[in-house]
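Quick setup: one chain, the form predicted alone, written in structure tokens, and binding and motion questions come after.
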Amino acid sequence: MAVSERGPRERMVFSAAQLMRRGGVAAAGMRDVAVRAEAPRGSLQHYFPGGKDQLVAEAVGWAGRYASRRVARFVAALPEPVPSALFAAMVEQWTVEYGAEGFAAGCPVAAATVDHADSTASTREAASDAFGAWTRAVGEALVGMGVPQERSRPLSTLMISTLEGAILLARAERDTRALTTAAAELGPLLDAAVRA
């Protein structure tokens, strides 16, 4: 769905997530969100009576659902559905973005977790739910590729935590080395988990 096809509430949630990707929770000020979403400022109070905490929690939830849905699209596009290829696709999303747009953006869920999760229960819960949904989606994909159920959850946690760490290193170093290294080194371990 294009941004222009979203309603004002959806545009504000999406805009908050995009601002958080680049500048953390502080960058997602209510006024900035309204401007970016091309929404009347007064509509923020209407749609988000819980204020910025509610908006941040909903933006984190949106990001978690987005990441979860991407897993199925990655799997569908794989020429050979194996765990290493799924992880490589997850990594490639970031290497392509950083190659085209620079290293300014990261994961909005990670940004909210670092910035706000300790002080706001709704943000921490939203981040936990978002990472949980993403982990489940990756785990289900791994099971579909022949990874035993009991290995799918630990491996999906490893994949997501490795990816998030590599994103942080890439942004700090202004280099995709950490991402490409993670894909190359983790791939064989992931594929070794597939049932013979």
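Predicted model only: the values in this text are computed from it and were never measured. One-based numbering along the sequence shown.
Heads up, the form predicted in complex with the DNA isn't pictured, but that's what we're talking about next.
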Task: Close approach of Gln45 to the DNA in the model of the complex, 4.5 Å, heavy atom - done: yes
Open item on the list: Can you tell me if Pro154 lies within 4.5 angstroms of the DNA in the model of the complex, counting non-hydrogen atoms only?
Closed with: no
Task: Close approach of Arg70 to the DNA in the model of the complex, 4.5 Å, heavy atom - done: no
Task: Distance check, Gly144 to the DNA in the model of the complex, heavy atom within 4.5 Å - done: no
Open item on the list: Within 4.5 Å, heavy atoms only, which of Arg171, Arg36, Lys52, Arg65 is in contact with the DNA in the model of the complex?
Closed with: Lys52
- [ ] Go through Val138, Ala130, Ala57, Ala28 and name the one with a heavy atom inside 4.5 Å of the DNA in the model of the complex.
- [x] Ala28
Task: Location of the DNA contact in the model of the complex, chosen stretch of 158-166, 57-65, 37-45, 130-138 [non-hydrogen atom, 4.5 Å] - done: 37-45
